[in-house]
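Take a look at this single chain, the form predicted on its own, given in structure tokens.
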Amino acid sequence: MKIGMIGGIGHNGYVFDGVRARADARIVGVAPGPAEESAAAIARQAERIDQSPKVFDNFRRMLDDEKPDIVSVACHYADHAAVAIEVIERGHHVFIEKPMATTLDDLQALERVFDNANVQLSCMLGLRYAPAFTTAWRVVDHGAIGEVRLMTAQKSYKLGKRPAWTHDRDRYGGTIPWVGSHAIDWLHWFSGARFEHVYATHSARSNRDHGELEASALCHFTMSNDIFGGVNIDYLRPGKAMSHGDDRIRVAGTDGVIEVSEGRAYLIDDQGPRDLELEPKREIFAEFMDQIEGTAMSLISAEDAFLTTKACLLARQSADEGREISF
């Protein structure tokens, strides 16, 4: 399985972990995205796992020369859709960073191209693969808390010093689509419900001189069957916190409540409260390779990826316009 990599931003670690897990996977080429960036850092990371990719200064040349089976796309967020469209049109499977698009027009264009192509797509919504989240989802899916009624999710990051391009909303795309995408994805994943309405707010105040980057956001989703989902998002995690991120969800159902926090999955039902034994860790990119070969199914389908991206962009629109948005 030949892998090409475009861009050195975001969660390329998923690709390296997946390649390590499969002896037949090779990273054959790396290249920057359209915006100015260097592929040298990606090449160095690949070399650390005994890969020797060719380094290109143009991703189109890499695609033409190396003809990879799968291409990861993780560049400036506003470029994701355009790059992925070119990858798909050349007939390569695509593993794309979130958000897959930063405008609804770009998302629709990407979906049209994908629907007319004979390739597979998955998105780097890798927290579905964190053992605590996978375990909690499996328990909910098996009916342990009855009918899901209410979900509250959190994504909190340290801000640190972000690169200059993230200070520009047109290039960054917004904190709701970038930071909030995982949590918004969980709402659909845990409930199986459709998004119907969203009301959101966000603010760039207290962002420590990061331009237009929003430091805090809050989203309220109304979903089918009167299921409600709330998502709080921030870059306010203190620098001395134990971890970079604080990812949580609480799912309340008619027969119990399940919570994920600090790598634990915790169930409260008629048998009393208890920690759940976590499922073994699965590798998101290795499983996508298996899906392409027909031996497994990824936890993140193309349909999920498009649905979550649309939900993020409509939540951002709601926050920009100060009104409820219908799906």
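If you're wondering where the values come from, they're calculated on a predicted model, not measured in any experiment. One-based numbering along the sequence shown.
The same protein also has a form predicted together with a further copy of the same chain, omitted here; what follows describes it.
Each of R149, T222 and A241 is positioned with at least one heavy atom within 4.5 Å of a further copy of the same chain in the predicted complex. Residues within 4.5 angstroms of a further copy of the same chain in the predicted complex, judged by any non-hydrogen atom, belong to 270 to 278 and to none of the other stretches in 41 to 49, 66 to 74, 270 to 278, 28 to 36. Remark: E111 does not count among the residues lining a further copy of the same chain in the predicted complex, judged by a heavy atom distance of 4.5 Å or less. Using a 4.5 angstroms threshold between heavy atoms, R250 counts as touching a further copy of the same chain in the predicted complex.
Contact between R237 and a further copy of the same chain in the predicted complex is found at the 4.5 Å heavy atom cutoff. For the chain shown alone, M124 is not a contact residue for a further copy of the same chain in the predicted complex, no non-hydrogen atom being within 4.5 angstroms. Screening H202, H93, R128, H210 for any heavy atom within 4.5 Å of a further copy of the same chain in the predicted complex leaves a single hit, H202.
Between a further copy of the same chain and the residues T166, S216, Q120, T135, the one pair within 4.5 Å by heavy atoms in the predicted complex involves S216.
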